[in-house]
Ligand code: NAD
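Just one chain follows, in the form predicted on its own, and it is written as structure tokens.
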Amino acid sequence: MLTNDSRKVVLVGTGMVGMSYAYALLNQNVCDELVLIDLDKQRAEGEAMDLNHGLAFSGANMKIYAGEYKDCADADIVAICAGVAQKPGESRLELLGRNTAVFRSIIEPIGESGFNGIFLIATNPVDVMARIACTLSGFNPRRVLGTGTALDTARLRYLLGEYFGVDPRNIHAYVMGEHGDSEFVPWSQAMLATKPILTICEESDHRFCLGDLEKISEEVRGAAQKIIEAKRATYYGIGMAMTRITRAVFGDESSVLTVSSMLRGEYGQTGVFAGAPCIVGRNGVQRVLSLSLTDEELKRFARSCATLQECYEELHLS
């Protein structure tokens, strides 16, 4: 169990995603100590210097430095953003195989340090990588979280807020399943305040319709690719999603976030990591919320989980 007065984060991987997370942690004053680890030690040192030079302009009083795996010993959260990029023509399974090798080289020394906190995984494909981290570490699955569909859910609420002309914070809707092509929006569970969005569509005299909602879900699904085409990578949004999850842990908020967590019978799925609404607090995932999905939505979730299960099994991890 994490101690309430401790807020130490170790970040493994100082690429654009990792540093967007670090920058957001600094600006939002989320932790007291931030350790940067990278295969390229010089880069980690440079990033730590750059962040430290901004301390005087922030409300934070953080200790930021480049470190080593032994620094994980008393960390509360180890966030992993490290991984290899997909090569042209490389299959997802080949990428998974290479990223699994990267995770072996990271998680073994973290375990040897005596780390006993929470793993926060952002490396893609995040659902499978979170499961790999859980397998390799031997940790209680409740203490291994993937960023899952947290960012997809934020994108969804932003677009629905625009569509209905309301603050996205008053939209309660989720993206579930794989963070990828098989993710979906269970519209039966989407609310504006406490009113079902499908009811609003029915009563709107064609001003709002399900067809538009499906276009929005497609836009959410394709958002990352659109950003990648425009600027080669996505990092700010996921960095802020990671920061939101970190705040929920340190604040013991019991917040509902669509992280990737191991399912234990919820929605008829067991053993697979997938994005679903979870209550997140000081010790990780307190529980997975079981929403009242329709039969069709349950089938879509099952198909998404089957895709993730197949990817994991093809790796033949011991």
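Throughout, we count residues from 1 along the sequence that is shown. On a predicted model such as this, the values are computed, not experimentally measured, just so you know.
If you look for the form predicted in complex with nicotinamide-adenine-dinucleotide, you will not find it shown, but the lines that follow are about it.
*Asks:* Looking at heavy atoms inside 4.5 Å, which stretch does nicotinamide-adenine-dinucleotide contact in the predicted complex, given the options 208-216, 143-151, 188-196, 164-172?
*Replies:* Correct option: 143-151.
*Asks:* Would you kindly say which of Thr135, Thr234, Asn116, Ser182 lies with a heavy atom within 4.5 Å of nicotinamide-adenine-dinucleotide in the predicted complex?
*Replies:* Only one option qualifies, and that one is Thr234.
*Asks:* Pick from Leu96, Ala73, Val102, Cys201: which has a non-hydrogen atom within 4.5 Å of nicotinamide-adenine-dinucleotide in the predicted complex?
*Replies:* Here the answer is residue option Val102.
*Asks:* Tell me, yes or no, whether Asn124 is in contact with nicotinamide-adenine-dinucleotide in the predicted complex, where a contact means a heavy atom of each within 4.5 Å.
*Replies:* Contact with nicotinamide-adenine-dinucleotide, yes.
*Asks:* Would you classify Cys81 as touching nicotinamide-adenine-dinucleotide in the predicted complex, given a 4.5 Å non-hydrogen atom cut-off?
*Replies:* Although nicotinamide-adenine-dinucleotide is absent here, Cys81 would touch it in the predicted complex, with heavy atoms inside 4.5 Å.
*Asks:* Decide whether Ile238 counts as a contact residue for nicotinamide-adenine-dinucleotide in the predicted complex under a heavy atom distance cut-off of 4.5 Å.
*Replies:* Contact check for Ile238: yes, within 4.5 Å of nicotinamide-adenine-dinucleotide in the predicted complex.
*Asks:* So in the predicted complex, does Asp40 come within 4.5 Å of nicotinamide-adenine-dinucleotide, heavy atom to heavy atom?
*Replies:* Close contact exists here: in the predicted complex, Asp40 approaches nicotinamide-adenine-dinucleotide to within 4.5 Å, heavy atoms only.
*Asks:* Does nicotinamide-adenine-dinucleotide come within 4.5 Å of a heavy atom in each of Gly13, Gly18 and Ile106 in the predicted complex?
*Replies:* Yes: Gly13, Gly18 and Ile106 each sit within 4.5 Å of nicotinamide-adenine-dinucleotide in the predicted complex.
*Asks:* From first to last in sequence, which residues of 59-74 have any non-hydrogen atom within 4.5 angstroms of nicotinamide-adenine-dinucleotide in the predicted complex?
*Replies:* Read in sequence order, the lone residue that approaches nicotinamide-adenine-dinucleotide (within 4.5 Å, in the predicted complex) is Tyr69.
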